[in-house]
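The chain that follows stands alone, in the form predicted on its own, written as structure tokens.
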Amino acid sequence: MSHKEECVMDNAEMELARLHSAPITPKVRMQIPPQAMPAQDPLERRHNMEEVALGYSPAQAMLEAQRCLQCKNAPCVTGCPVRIDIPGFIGKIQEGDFLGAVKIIKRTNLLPSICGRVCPQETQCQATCTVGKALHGVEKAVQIGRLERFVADYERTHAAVEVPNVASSTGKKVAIVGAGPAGLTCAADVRREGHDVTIFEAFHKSGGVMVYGIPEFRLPKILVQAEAEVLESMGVDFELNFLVGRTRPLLSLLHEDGYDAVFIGTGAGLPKFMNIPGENLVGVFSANEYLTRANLLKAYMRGRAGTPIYPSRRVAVLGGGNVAMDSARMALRLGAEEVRVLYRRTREEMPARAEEVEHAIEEGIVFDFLKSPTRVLGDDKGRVAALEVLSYELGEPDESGRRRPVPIRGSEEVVPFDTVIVAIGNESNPLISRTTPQLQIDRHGHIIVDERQKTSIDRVYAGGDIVLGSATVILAMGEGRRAAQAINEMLQ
């Protein structure tokens, strides 16, 4: 931690003491500035896999919590997909009762250390915060995600993690397909009611996108492992390296293995490509493959990892979402000399979290806005040598509300690169739908469900990215909770 960050923490303690010397009125609360998140120095972190954001100190957390107005209508709760009692847990932080705050969060969210790090709070709970609206900027809202992370980390570092209560055994069995955020959440809520739960996971580790997609420097894998261990302590069984649809047909779980219900949470694991000439050259990767090699298989541990990673000097990342930011920042840490993000709109239209974009810029990643490739050029060995890049300008808004990129004719230029990472989104995993023809899907391959997450097959439910397409951890968790409620009611 830098001297500047230590001073910020000291200032938080002094400001907190000053505030407590007199009654804290709403006007005073509105004058408290948002607490900045301490972080590693950019020049240091671009060369390591350690977590970038370092977390609040207790004084910073309590000072940030004092900014909450405890609104009676709690608009922040309506913005939360799992409906956490946000004023309730922040109120506990105001009092210094950090473990009490965690207990409130865990009534509806068993993954606070994860959600506090990777959820897009600026488009959910913080977007509706009264403080942010009054100060005319979501960045000035109460930093709900940072507070959630703080109390979750406090619970873990103080060895105070409690295993949720489990009701008496009902003798009912539920199968969860996929150990991602939707599956883990569904499993926890179903197990609480006393049903036996088995999670079937295709990979050798549980966590889904949280272990194969999100880098260590943004979400330490030890946290995901800890959450899985809580489920194991509750009595949830994990069957790893088990690919439902290949190892075992989906319907066999119901008709032959005796499960009373099945939840499908297999995610969006099929990468999209741009379908331009040259995408089959050596050195072109989907973000899925690139990040899975680096995150799940630890390819950055050169000489010790069981998988290789492609050596790169000049890397082009195509896309403007969080996955593109993760890919670009990972490439830098894997030794690339230059990493450029090509995005055919401007920064204002980028779907990536503002914090992730800022971190990328701080680390030296270059953004080429209003640019997109038309073809990948190779050398005489079939390896990537360059991109032909077309320039764009913004036209009228499209159906998403963002201004449509319009190509500028004759603006093509050739830019040298040796690696291209395509990060333009994912499609739903097609394996289960292809091997289970009774399962209704839409034209995008998403499983069709009703308002209770029930599929076209009796006793089979689904949620997360396999239903939504590529979404967020917290939205997947919300669907897992909704499915668990329906399953529990059905089994009663």
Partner chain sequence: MHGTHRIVSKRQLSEEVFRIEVEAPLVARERKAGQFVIVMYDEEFSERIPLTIADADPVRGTVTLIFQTVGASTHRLALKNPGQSIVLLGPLGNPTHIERFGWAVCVGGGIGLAPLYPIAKALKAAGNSVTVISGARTKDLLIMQDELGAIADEHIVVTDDGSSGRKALVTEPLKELCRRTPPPDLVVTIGPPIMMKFCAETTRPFRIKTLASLNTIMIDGTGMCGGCRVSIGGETKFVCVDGPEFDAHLVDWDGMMMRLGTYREVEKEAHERCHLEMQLEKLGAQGKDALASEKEPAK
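Numbering follows the first chain given and starts at 1. Please read all numbers here as calculations on a predicted model, not as lab measurements.
There is another form of the same protein, the form predicted together with its partner chain; it is not shown, and what comes next is about it.
Just one listed stretch, out of 409-417, 309-317, 83-91, 139-147, contacts its partner chain in the predicted complex at the 4.5 Å heavy atom level, and that stretch is 309-317.
Contact check for Ala228: a heavy atom falls within 4.5 Å of its partner chain in the predicted complex. Its partner chain in the predicted complex is not approached by Ser57, whose heavy atoms all lie more than 4.5 angstroms from it. The closest heavy atom approach of Lys381 to its partner chain in the predicted complex falls within 4.5 Å.
Looking at Gly194, you'd find every heavy atom of it more than 4.5 angstroms from its partner chain in the predicted complex. Taken together, the three residues Tyr461, Glu489 and Gln492 lack any non-hydrogen atom within 4.5 angstroms of its partner chain in the predicted complex. Contact annotation: of the candidates Lys106, Arg293, Arg345, Arg329, the single residue with a non-hydrogen atom within 4.5 angstroms of its partner chain in the predicted complex is Arg293. Residue-level contacts in the predicted complex: of His444, His47, Arg434, Lys27, one residue has a heavy atom within 4.5 Å of its partner chain, and it is Arg434.
If you take 216-242 and check each residue for a heavy atom within 4.5 Å of its partner chain in the predicted complex, you get Ala228, Glu232, Asp237, Phe238, Glu239, Leu240, Asn241, Phe242, in sequence order.
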